[in-house]
Each structure stands twice: as structure tokens, then as C-alpha cells.
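Below you will find one chain, with nothing else, as C-alpha cells; this is the form predicted on its own, and questions on how it binds or moves follow later.
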Amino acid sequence: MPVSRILVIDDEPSVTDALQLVLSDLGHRVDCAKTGAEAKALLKGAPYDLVFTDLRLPDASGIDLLALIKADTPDTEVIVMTAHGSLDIAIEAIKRGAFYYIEKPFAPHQVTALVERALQFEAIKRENRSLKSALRGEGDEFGLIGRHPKMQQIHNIIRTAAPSDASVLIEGESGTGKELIAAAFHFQSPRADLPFTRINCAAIPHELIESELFGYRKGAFTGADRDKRGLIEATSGGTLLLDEIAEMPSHLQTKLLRVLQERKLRRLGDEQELSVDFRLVSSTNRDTAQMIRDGLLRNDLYFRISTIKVKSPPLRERLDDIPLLANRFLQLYSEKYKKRIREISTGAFALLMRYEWPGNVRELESVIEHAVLFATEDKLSPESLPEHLHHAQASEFRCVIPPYFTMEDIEREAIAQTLERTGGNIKRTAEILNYHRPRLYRKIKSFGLRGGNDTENQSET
């Protein structure tokens, strides 16, 4: 569990001392307040991840403090502490936004279990809010940058299918943005304000996936010293992303299929079934047809999880999107590293366009970050790009020309495509094609192309 900042508010020293001891042993930073006034002073500082508050304080009501915390820092989770028999007021606190309640006196294991669940929930909410904000910031295309027809097709599928509850399967190589597509399905759906939970089935040992997904009851196995909700249950009302779903063991695929069919699950070691409500989005970087043939993916599960199928294209199949992506990453890392870099040079773009990109968009982002760090001018030059891009130039580069094209046809197509890639920027198009601008203007006019914009005076034509 990562280190978190926790505030304990109670006028009984025995309670604050006990909680401070337990929470500090878990590795968290703990502050304590005896009154509402002390608590309000502490709350004016950096936000806390979690607050324990008594409902009855000498100078304040725990309900009022709860309202203050939720108004100022909505991501902070609050656990209220009540005396025996105060259940009604505890329920009222939960209705007003408290995560849960705990009755005094309490045992250390009760505190540990509550803290783990509250902080996990707080982290999911904070991450979802951050991701949602980032996606909205990219414009109206869900944070998926690209004008290529394959990307436009994905945009259309999201617009059409996101409002439904249909299961989604996203296929594509590593680094092609499968998680961004999954996030777009969630944040464009009616479930957008509820949890978006992600689990990588390849990153968790097989013997732990079941307990992570389905949860367990105390005593279900050695070491199960408390009840624990699984991620399916914790996703209540939201969207669950199962990344690399084919890495899930076969017996768990059967169990997941039953949950999807009946919308009920049973925790490990439990006899009681729980109703669950979630949308499933799955992803894989492998060939699903081959996995079915190899017995790694159940055929019946495949049909259940792939009501909607999305193929995320590799970057080498949408090279026209490289300028868009590269410029977006240039802006991002120029701001991050506080460097004034205006653009990417023509020579650097030539290297970017001729590389195969086995790591796809993720690799492109890494390359641009590297280039920004090593750039010594106000534009990215070939020298600032990683060495392996220069070695890639040794392979043969061929421009495929359709049959029966005349030189005039080729020139017209080159100008048209370059204008499109630069967003109609005349100056940039002239630099890339190595034309003087007056000549480019004449060519645009003679070919009947649409002229773009120019940041400088165009009277030179």
C-alpha cells in the first residue's frame, strides 16, 4: 500500500493514539486533531487522502466536518467513528459522502481492512478524474489523435456504441493506445462518473487473479484474515478493463463467463451470491483466432466479450498521423522540461516517417521526449533523435507510385498530401517539398488545389 496522508479527529487521546500507532505501522503519515477548530486548521493545508472523524466533538459536528471536507477536497475519503448504538447517524453520514463507519471500540484488523479499501477507492477516483480531464483536453475525439480513416472508424464506433452496455474487445499491438480506447468507451458512456477499473491479467500471478477479481471471505485460504471485495465488485456501476484477457487461466474464464451471463458472483469461500453491475471492456495484443485454436481462449467467452470489436492499428499503417502525434508530444515535453522548441525540422520528420515503429505510439512518445531533452536549438533536428532511428535509414526506402501516373500527377499528389499533413500551412509545405513559396503558390493554382494558411505576408506571389 503506498504512503498516504491521514488525519484523525477525536477528543479521546486513547482513540487518536491507537489509530496513530496502527496507521503509522502501515507506513502512512498521520496527523491528529482534538477539536473541530484544530481539524479545520489542518485541512487548510495540502489535501489528505483519508480522514477519520468522530461524529461528536466538543466544538463541532462530525457531519459538518464531513460536508466541509467533501466540498473542498471531494477525492478525500472520510471514515466516521461512532459509539455503540449510533447506527442511524452513521448511515446519515454515508448518505452525505462518508466512505464507511467504524464502531468504537475497534480492533486493529478492522482499521487495516477499512483503510485499504478506502484508499484503493480514493486512488481509483483520483485516477479516473485525471484521465477524464486529460481526454476532454484533447478535443472532441476522445484523446485519440489521428486523421487516418482507420482512426476515424474507431471514433465512429465509440460515438455509436459507448452509450450502450455491450461488451467490447480491443485488439492491437502493444503501444497502439488500447487503454485510451477503453477509457473513451467508459467516459463517453452513462457510467462515466463511476469507477473505471483496470487489471492486467498478464501482470498478476495466476494463483492471485481469482482473489483479485472475485474477492474472498475471511478464512477462505491461508492468510485470508478478513473479507475482501474483488475488483468486479468494487467496480459497481462502472467499467472493468481486463487487459490481456487471454492470459487468464481457463477455469477463471469459465467463472467470468458465468458472471457475465448471470450478473452474479460468489467470493472465494462464500456460499452467498452477490449481484454485480458493470460493463466489461477487454483487450489483447495477440491474435484471438489463433488463441482459440490453441485452446488459450474459450470460444464461448470470446463471443460473450466481443459484441463490439475494435482493431487498434499499428503506427506503420497510419504514417500520416505521425506529424499530429509528434507535434502533440513535442508540446507536452517542451512544457514539461521548460524548453522553447517551436517545431520539428524537415530532416527529423524524414527520419520519423521512414522508421517502422515496432513500439508504435508509445515508442514515438519516448523518441520525442528523448529528442526534446537533447535538443540544443529551437527546433528538433535529426541529431537530437535517438541513434536507432538513424540506423534504420540503412534499409531501403521506396515510395510506391500508382501505375500510369505522370510526373505532373505525382507532383500534384505530393503537394496535396503535404498540404493535408501540415494542416494547409503554406510555409511548412514549401519547406518540406523544398519549393520557393512563389513557385508553390503557382503550382497550387495550376493544379486547382485549395491553398492553405500562411503566417507571413503572401504578397510575394
Ligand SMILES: Nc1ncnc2c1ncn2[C@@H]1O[C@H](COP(=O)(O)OP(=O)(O)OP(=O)(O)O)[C@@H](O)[C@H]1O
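One rule holds for the numbers: they count along the sequence shown, beginning at 1. Because the structure is predicted, anything quoted here is derived from the model rather than measured.
This protein has a second form, the form predicted together with the named molecule, left out of what is shown; the following refers to that one.
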Heavy atom within 4.5 Å of the named molecule in the model of the complex, from candidates Ala113, Leu180, Ile94, Ala224, belongs to Leu180
With the partner omitted here, the residue among Ala161, Ile145, Ala123, Leu260 that in the model of the complex has a heavy atom within 4.5 Å of the named molecule is Ile145
*Site test, Met151, Ser174 and Asn285 vs the named molecule in the model of the complex, non-hydrogen atom cutoff 4.5 Å*: yes
Counting only non-hydrogen atoms, the one stretch of 293 to 301, 73 to 81, 214 to 222, 354 to 362 within 4.5 angstroms of the named molecule in the model of the complex is 354 to 362
The named molecule contact in the model of the complex: Glu244, any heavy atom under 4.5 Å: yes
Practice problem: Using a 4.5 Å heavy atom cut-off, state whether Leu325 contacts the named molecule in the model of the complex. | Solution: yes
According to a 4.5 angstroms non-hydrogen atom cut-off, is Arg318 in contact with the named molecule in the model of the complex? yes
Is there a heavy atom of Phe329 no more than 4.5 Å from a heavy atom of the named molecule in the model of the complex? yes
Applying a 4.5 angstroms cut-off on non-hydrogen atoms, the residues of 422 to 445 near the named molecule in the model of the complex are none
